[in-house]
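Shown next are two forms of a single protein chain, provided one at a time as structure tokens under the names structure 1 and structure 2.
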Structure 1
């Protein structure tokens, strides 16, 4: 059986990956080895009755023994270790959740329900680096990829509502701690004057009582329209990924579709949502659009454009922990017959991160 090294297994993406691999019986097909950058020698996970001891994720000698490596550790780790491994003539497959390698010419962005043909061609060509896409990009394509594949999209904007867990385990805890402090402070004021309560909460958000080490600003009772680093053109790197990665996944680098928008961190705990404005290149009936989206994969669920269905299903609460991508609020806009309004939600830790990685492992196996 192939030796598979798993790095970053105790982080947010890694934990979800392990969970999915256990559920799908993936560990029965491989000999797993678990690595850590900070806990080498300590106890790792227990899988199928076997207790694993953690190996050193910075040891090139140890990593070189692997046939396949899956890293959910993060971009800095990939930047540091991947080149050293390749320079040491390691010829195994590297599967990664981080963005560092995504735009490399000899790396493929993996989302097999949408681009299995691109993946198969890459394996055939001897490509060895396979990288999961940006979470909002992957979820957008799981929802409305069929419209791109049918060549119906002239351009698109995407306004995102991204959950705290997109930043990782520590970010989730920071949001929950902020909520706890807010709850404790509000509890004794709930029967009093609403303006006093409001003023107290505003003051609290600007005080040192609210820890903002991870997000750099309070997220509870607030939102942050900035994710990742700044680019010279005024975009954030997260916003830049929508254009560059979507077109790379679709194999359209030579003939890219314009995509842009604003990425916003909101106080959802898990699962990202986005509001899409799609300019179609011709008028298409809403019923046809809905059928196209619904039939694109077994994981898509079209949500009726009603208040009841929307409140029930078109939200992080409904999709969190499931492979479902919900697509709703599908309607023509006042802007014209070729302008489509769509809202979509999906679990960014599953299709947006862990699921394409474990599916890539299975494709290679």
Structure 2
């Protein structure tokens, strides 16, 4: 069996990855080795009754013994270790959750339900680096990738509603802490005047009682229409990824589809949602669109465009912790018969992060 090194297994994405690998029986197919950047020699996880001792994630000699390496350790680690490994003539497969290698010419962004053909061609060409995509891009393509693959999309805008989990565990806890402080302050005023309650909450959000170390502003009772760093053209890097990564996933770097939008952080805990405006290159019946989306993979669920179905299913509450990607509010727009309105939601930690890595491992196996 292949020697597979797993780095960053204790973090949020790594923890979800291990849980999925256990559930799907992946550890029975490999000889796993668990690495740590700070706790080498200490006890690692127990898998199928076997206790593992942690290896040194900074040891190039140890890492060279792996046939496949899966890293959820983060971009700084990848930038430090990956070049050293390749320079030491290591010829194994590197599967990464971080963004550092995504846009490299000799790396492929992986989302096999959408771009398995691109992945297979890369393996045949001898490509060795496979990288998980941006969470919102991956979730968007899990929902409507069939429209791209059928060459129906002329251009698209995406307005995102991204959960706290996109920033990591500390960000999730900060949101919950903010909600706790707000709840405690509001409790004694709930039977009083609503305008006084509103004024008190507004004052609270501007006070130092709300911890904003992670987000830089309150997220509870609020939203933040800025994610990631600024680019010279006024976009954020998160918004830039929608164009650059979507086209790379689809193998369309030479003939890219225009994509833009605004990325917004909202008070959801774990799952991202997006409102899409899609300009088709020809008129297609809604029923045909729904059939394309529904049949694209077993994980996609088309939600009926009714208030009841929308409230029940087209939301983070319904998809969090599951592999479902829901797609709804599918309708033609007043802009014209070739314009689609679509809303999607999916789990940021599963299809948005861990699941493509797990599935890439199985493709290589």
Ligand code: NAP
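Residue numbers count along the first chain shown, from 1. In this text, the rigid core denotes the largest set of C-alpha atoms whose superposition between the two forms falls within 1.5 Å. Given the structure is predicted, the values throughout are model-derived calculations rather than measurements.
Taken from the form predicted on its own, structure 2 is distinct in origin from structure 1. Annotation: Cα of residue 30 displaced by less than 2 Å between structures 1 and 2, core superposition.
With a cut-off of 2 Å and the rigid core superposed, residue 68 has a Cα displacement that falls short of the cut-off between structures 1 and 2. In this overlay on the rigid core, residue 40 has a C-alpha that sits 2 Å or more away from its partner position between structures 1 and 2. When the core is overlaid, the C-alpha of residue 207 ends up 2.4 Å from its other position between structures 1 and 2.
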